[in-house]
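Next comes just one chain, in structure tokens: the form predicted on its own.
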Amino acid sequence: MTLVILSGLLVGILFGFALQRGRFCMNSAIRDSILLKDTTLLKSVGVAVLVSMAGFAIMAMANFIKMNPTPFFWGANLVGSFIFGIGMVLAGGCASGITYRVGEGMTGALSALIGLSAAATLTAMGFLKPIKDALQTSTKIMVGEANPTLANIFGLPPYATALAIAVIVAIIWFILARNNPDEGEVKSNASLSNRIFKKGWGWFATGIVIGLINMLAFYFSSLAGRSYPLAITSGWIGIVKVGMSVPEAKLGWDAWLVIGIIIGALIAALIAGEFKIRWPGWGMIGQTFVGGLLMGFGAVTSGGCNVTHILSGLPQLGIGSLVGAIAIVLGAWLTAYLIFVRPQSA
């Protein structure tokens, strides 16, 4: 039990600190790519995925972890993740984004988090559960007794395939970046301490650090008997169950992880002088709450939120996570277009 608490909290604090200093939010990354034509945060997500992909493969080959890709139920992945993408834009942050921003004092993020936790719990064990079950069971596809991955559907060695994909993509990215000088980050003359604790992190450093934390999460989570890297929604469901005194409910590794994220983000914000209680008004509180509700339903229906699918599932080459990731992006892009881009054009 001590291992579960301490390791979950430790990884959560590190993750929350990195999220806050790197302003790492997949909603911002996906939304800004269509709204501002800015792919800075999207590149950070890409680096984190590549680091995780190579790291997971090496750790699996060394028997430190066992790959555990998410199930592939195409209907649930498509519907759930698309709804999650819509909710993400309305909430103003992804699952990890709204979690770490609570540590910064943002009440809008807290409203979204309450909505996510409530809807996720109702979908996992409440009146929304039959909808989720119907979508999942009627569209589930497996390869033998295993969840489909880009490796096993083609009969390829899983770890070598993941490592090869990570290396090939990294090489192609490096070559393209050399031909585009603006791809680099702005150099800073600030001290190392200021760059870590005071200045905002660049996209490349943020991606590297989050990828390494994801590897650490997979290892410690496996020691605690959970065997999956970073995830958000399941942790909040666990906390709600304990709060509701559900029989035999207890705070698992992922619950301590999300608690740690808030603590880590709070520490980072206080050190950088960025903590401030922010009230966006009742209208925005209502919007973020509705966004959170959609995120909670979508995440549980799809078998994971943006962190579960994009940050932790894609590196394991899971087909369910690949479909889920695409649907999240499409839902977020459509909503960003309708809410931001189209009105500006008009």
Partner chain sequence: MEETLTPTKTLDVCGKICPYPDMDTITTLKKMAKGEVLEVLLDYPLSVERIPRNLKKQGHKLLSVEQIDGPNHRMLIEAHGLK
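Numbering follows the first chain given and starts at 1. Predicted, not measured: the structure shown is a model, and the values here were computed from it.
We do not show the form predicted in complex with the partner chain, though everything after this point is about it.
Undergrad: When the partner chain is placed as it is in the predicted complex, which of 304-312, 29-37, 58-66, 317-325 ends up with heavy atoms within 4.5 Å of it?
TA: Partner-contacting stretch among the options: 29-37.
Undergrad: Within 4.5 Å, heavy atoms only, which of T288, T70, S52, S44 is in contact with the partner chain in the predicted complex?
TA: By the 4.5 Å heavy-atom cutoff, the listed residue in contact is T288.
Undergrad: Work out which of P158, P148, G92, G264 lies within 4.5 Å of the partner chain in the predicted complex, going by heavy atoms.
TA: Residue within 4.5 Å of the partner: G92.
Undergrad: Within a 4.5 Å heavy atom cut-off, is G126 in contact with the partner chain in the predicted complex?
TA: Looking in the predicted complex, residue contacts with the partner chain do not include G126, since no heavy atom lies within 4.5 Å.
Undergrad: Do R178 and the partner chain come within 4.5 Å of each other in the predicted complex, heavy atoms counted?
TA: R178 lies outside the contact set for the partner chain.
Undergrad: So, in the predicted complex, is F204 in contact with the partner chain at a 4.5 angstroms heavy atom limit?
TA: F204 lies outside the contact set for the partner chain.
Undergrad: Heavy atoms within 4.5 Å of the partner chain in the predicted complex: does Y219 have any?
TA: So Y219 does not count as contacting the partner chain.
Undergrad: Mind listing which residues of 271-289 have a heavy atom within 4.5 Å of the partner chain in the predicted complex?
TA: If the 4.5 Å heavy-atom criterion is applied to the partner chain in the predicted complex, 271-289 yields G273, E274, F275, K276, R278, W279, P280, M284, Q287, T288.
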